[in-house]
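Okay, so here's just one chain, in structure tokens, the form predicted on its own.
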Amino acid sequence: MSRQLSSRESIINRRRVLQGIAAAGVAGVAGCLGGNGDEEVDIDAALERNEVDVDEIVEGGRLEFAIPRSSISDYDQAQSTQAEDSVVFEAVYDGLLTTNSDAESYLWMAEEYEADEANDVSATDYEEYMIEVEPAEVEDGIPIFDLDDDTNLVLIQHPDDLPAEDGESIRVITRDEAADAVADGVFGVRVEGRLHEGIEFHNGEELTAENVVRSYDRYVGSDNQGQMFDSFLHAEATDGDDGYEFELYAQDPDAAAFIELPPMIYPSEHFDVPAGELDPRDDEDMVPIGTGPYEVAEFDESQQLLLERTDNYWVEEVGLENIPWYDGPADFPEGPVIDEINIRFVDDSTGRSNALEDGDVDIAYELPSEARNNFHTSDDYVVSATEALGFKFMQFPMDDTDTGGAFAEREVRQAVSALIPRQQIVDLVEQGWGDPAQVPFPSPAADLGTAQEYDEIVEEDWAYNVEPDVEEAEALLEEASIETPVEVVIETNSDDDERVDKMELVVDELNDSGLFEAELETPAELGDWTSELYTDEARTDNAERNAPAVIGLAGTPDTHGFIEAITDPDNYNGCCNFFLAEGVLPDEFVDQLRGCRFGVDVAEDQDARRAAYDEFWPEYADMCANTIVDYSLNTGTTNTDVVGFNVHPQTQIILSYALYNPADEQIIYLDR
């Protein structure tokens, strides 16, 4: 796609849009802070790191932290799929790895950890280890198994036995047979690791290799089962259950195995707790127990949750000097210094702004743009911002139906993408607190996603338009077989005012081009709307109505997650692939997509993986099954009592990172 910009002036009246957008934010902080009106705010200072003088750190105190939810969705992290649950519990559970502000991984509870072997295997290579199992039922050729052991699970199915038929057995390898395959050297990737000795859970139990191995049991039957076991094959405690060495195995030669394989690690008393039942709201004995710096002390449903600093944090026992990569100040604390974190549930963005202004909370995030501007320009508050891993995308229903079906033609999809006012969306709706999407992945995920510098790749001729290009859209539609104007219905969820504002700008651009007759529909709130989208009926209906879906997603540091979640047919009717079922996209395109992550060459050599992505990105942008609208800036706002706050690109660790991360010499303390 060309990035030639239209020379015409924007048809959007900036003052008119600003009067309507984020009005709640203006009202929410219209008290002592005042407002900025149409005045543009320079956010550069928010992008700079806030440094801490180690000699001035004050220990103790209680931090009031607001999250944008009405309650915890699920205390059980094996079951939870909500980012805000992770925001809280990442402070309770430490992992084998940690992540710095550039989304780079570092060893953490693992003293050693590396992928040391990859093999060229696929499902058929496991055939001699497979058993025959008759599915409990079959739905549209997809077998559903009911195994006797609650912790057993079918991992691999023989492709020649699919699609399944009622009454016929299928050759499969379950978790029980995986060990035999591994013993014979049949596996995709092996990751070897060793734990630091002396790590304790909050209950005093020592962390050993058994905890790593048995923690996978808790994911069987969970909402995260598919995500965990799509690659995982087997885990072993190589020097015994009470030892510290472990090996993790992936089914395929998977370049992301070292990031994707580790589970949340649980103490032995939780090994046999079924997924979803680790919840003190249902059983007071079911309190999450981790190895992180904070313990769950008190909770009040829909009001607050209190975390207290644990008295046996493992870093204090192991010592920072024994973390292999640490080369920071010798007197840097060996754990966070704040005693208590009071989690406040404030689901309304204006409510969080008001709570911050009134002094009820110390830190809040996901505030309205206008409120964020007002806090940023006030001497009494600090806003920290960083390029983030969250994004908004538009997915096109590509089925060729009797009615509608316009997006079955690539040129029509590309024409819509060419008209998206990405820069205006960021400038007007986000008021500068975001980035227009120029390529299909954000800057913090670039480390493993390209061999080029990010500011070079965004200049490629296939990159997305940031301003609407009517001439390009016209040229594209002249190549299509469909008559203009093309009727289009853009859908998004009703409970996100800023997202609705963004799509109204898109609808205006489509209509003013004369090439489309577009309208915006907001069928329901996010949960209700997406549950309807995860059906074959929705896929057909949206294709007939030429109705692309627009939604947001929080990514991870691994680049592949961005394209896999929203594009790979294996993830059809999973978050967040609504329309791209098997057969919709060309096989060679899907093979190229998967080849960026799976294969011995990319699994053994990250440079080979980067080169594979650089060949794929132009094809991805050209296919335009999805087009990215914008990338988030993660922002957090604090009062000046909080010293040293820096926000992280990954929403899920925004709290735990701010509290303590030696990789960036990151720590906060309270000065009051």
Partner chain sequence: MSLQKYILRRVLTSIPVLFGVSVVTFGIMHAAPGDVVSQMVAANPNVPPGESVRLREEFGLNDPIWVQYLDWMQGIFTGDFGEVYSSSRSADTIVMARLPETLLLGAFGWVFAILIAVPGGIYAAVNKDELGDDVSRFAALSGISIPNFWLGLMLMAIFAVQLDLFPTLDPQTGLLSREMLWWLILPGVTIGTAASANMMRIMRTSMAEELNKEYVTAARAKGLPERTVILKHVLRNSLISVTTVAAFLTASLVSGSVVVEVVFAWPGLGRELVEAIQLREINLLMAITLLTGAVVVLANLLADIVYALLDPRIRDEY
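Positions refer to the first chain, counted from 1. Only a predicted model underlies this, so the values are computations on that prediction, with no experimental measurement involved.
From this point on, the text means the form predicted in complex with the partner chain, which you will not see here.
*Asks:* Could you check which residue among 227, 238, 401, 484 gets a heavy atom within 4.5 Å of the partner chain in the model of the complex?
*Replies:* When the partner chain is considered in the model of the complex, the option within 4.5 Å is 227.
*Asks:* Going by heavy atom distances of 4.5 angstroms or less, which of 332, 534, 462, 454 would be at the interface with the partner chain in the model of the complex?
*Replies:* Looking at the other structure, the residue within range turns out to be 534.
*Asks:* Choose one stretch from 284-292, 72-80, 584-592, 245-253: the one whose residues place a heavy atom within 4.5 angstroms of the partner chain in the model of the complex.
*Replies:* Only one stretch passes the 4.5 Å heavy-atom test: 72-80.
*Asks:* Give a yes or no for residue 304: in the model of the complex, does one of its heavy atoms lie within 4.5 Å of a heavy atom belonging to the partner chain?
*Replies:* Yes.
*Asks:* Decide whether residue 322 counts as a contact residue for the partner chain in the model of the complex under a heavy atom distance cut-off of 4.5 Å.
*Replies:* Heavy-atom contact with the partner chain at 4.5 Å: absent for residue 322.
*Asks:* Report yes if any heavy atom of residue 183 sits within 4.5 Å of a heavy atom of the partner chain in the model of the complex; otherwise report no.
*Replies:* Answer no; every heavy atom of residue 183 is more than 4.5 Å from the partner chain in the model of the complex.
*Asks:* Given that the partner chain is not shown alongside this chain, does residue 49 nevertheless sit within 4.5 Å of it in the model of the complex, heavy atom to heavy atom?
*Replies:* Flag for residue 49 set to no.
*Asks:* In the model of the complex, does each residue in the set 107, 215 and 612 place a non-hydrogen atom within 4.5 angstroms of the partner chain?
*Replies:* Contact check failed for every one of 107, 215 and 612.
*Asks:* Pull the contact list for 309-347: residues with a heavy atom within 4.5 Å of the partner chain in the model of the complex, in sequence order.
*Replies:* Contacts from 309-347: 342, 343, 344, 346, 347.
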